[in-house]
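What follows is one chain in structure tokens, specifically the form predicted on its own.
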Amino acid sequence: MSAASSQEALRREVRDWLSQNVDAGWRAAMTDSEQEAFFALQKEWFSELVKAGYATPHWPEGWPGGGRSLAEQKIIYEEVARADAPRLILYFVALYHAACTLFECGSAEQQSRYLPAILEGEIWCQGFSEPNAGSDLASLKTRAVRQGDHYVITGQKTWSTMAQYADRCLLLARTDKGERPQAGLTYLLLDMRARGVTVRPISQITGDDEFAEIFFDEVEVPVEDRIGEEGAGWAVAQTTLASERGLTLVELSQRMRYALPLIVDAMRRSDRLDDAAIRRDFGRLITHVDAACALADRYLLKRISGDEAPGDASIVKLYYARTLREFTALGKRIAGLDGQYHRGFMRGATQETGNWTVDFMNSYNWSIAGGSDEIQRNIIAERMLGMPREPRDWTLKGQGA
């Protein structure tokens, strides 16, 4: 069987499975749902995907559904988006950040201990960002002091997705000040149930609490739970941050394409199907969504062929974030006064739900998460266009008031 025929057979297989297993009413069930209901839905859906082999196609061969090519993984992600299946928000860090870091940088013992637990439903969070160390991750101040066979952790992390549910944390901490900030960071796997760990959910403008702060008060982490050598955490962290590139943006851009009928429905509800200005703006949005999908596809093809260049992922992410804001803003504008009404929020969904006020507010997450728009522009300017880096001590001297 040719590669094309094999891929088409996989697409039919995945599409058929999803048609039989995705509950079309899951969105309604999750609107203003209690945390327990959200947790139960995520756990059940995760278990079904693992059994079917669709949760870990990016894992190596030998794991459920593992060993898939990037082209095959793309098909699975496209079909999941097409079926409007719930996103695995609770398990995203475990499936991608934690697993890929363990595969690339973890010891055999760490892999055998943690990877099976992930498949059994263990939830992970990421402890990178701090109140004064977000985009400039190398300036983080959470300390890890080695005392015999363990490290003692003191400090704070913030904007940690779903940390209030997590069993474990991917923690980046400072073990040495040094001349180069990156050289003094160490990567640790922390038990969120350890003594001295306090988690405080962050209430968002939508009413949700997707993110949380984590406080460490002399928390002990065994040396055996260090990934890589002491002081080599910066390089390990780059593996973590690179683990979600490509496929996630393919899925998200495809989800936005399949959500375009929500705009048509809003036009119908507000009796604006014949509004020339709205039709013009909707036409422009369609071309932008198509472009976002094409950029994500092109980027993944470059990864498959080994032609990925620094900055390629930044272009896709930046364009997706801008198009998502355009999408939700148009929906809110079409819906008029009714679109200003806050109808609660929906856990486990994307930003395109038809609840326009919440969608619009949530769309700005992607201007920050995974690297802010400003950071993406810097990467494109410096790594793709070869523009000089802005000196840290740059001033307005000689340029007047």
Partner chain sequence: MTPELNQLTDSARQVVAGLGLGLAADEQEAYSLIAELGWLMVSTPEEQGGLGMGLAGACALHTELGRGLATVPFLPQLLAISAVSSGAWPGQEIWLESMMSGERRVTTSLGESSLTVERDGDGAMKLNGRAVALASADCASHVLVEAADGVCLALLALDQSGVRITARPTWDVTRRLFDLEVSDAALDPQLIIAQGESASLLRQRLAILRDFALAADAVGGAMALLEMTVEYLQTRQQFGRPLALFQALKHRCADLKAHTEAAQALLQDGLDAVTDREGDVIATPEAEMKALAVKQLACSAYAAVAEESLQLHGGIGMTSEHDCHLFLKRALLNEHLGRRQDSYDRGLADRFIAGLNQA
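Since this is a predicted model, take the numbers as computed values, not measurements. Numbering follows the first chain given and starts at 1.
The discussion below concerns the form predicted together with the partner chain, not included here.
- Contact check for Asp217: no non-hydrogen atom falls within 4.5 Å of the partner chain in the predicted complex.
- Put simply, Leu260 is close to the partner chain in the predicted complex: some heavy atom of it is within 4.5 Å.
- Heavy atoms of Ala329 never reach within 4.5 Å of the partner chain in the predicted complex, leaving it off the interface.
- Interface membership of Arg11, defined by any non-hydrogen atom within 4.5 Å of the partner chain in the predicted complex, is ruled out.
- Scanning Arg113, Arg279, Arg200, Arg269 against the partner chain in the predicted complex with a 4.5 Å heavy atom cut-off leaves one residue, Arg279.
- Of the candidate stretches 281-289, 91-99, 136-144, 169-177, only 281-289 contains residues with a heavy atom within 4.5 Å of the partner chain in the predicted complex.
- Residues of 308-325 placing a heavy atom within 4.5 Å of the partner chain in the predicted complex, in sequence order: Ile315, Leu318, Tyr319.
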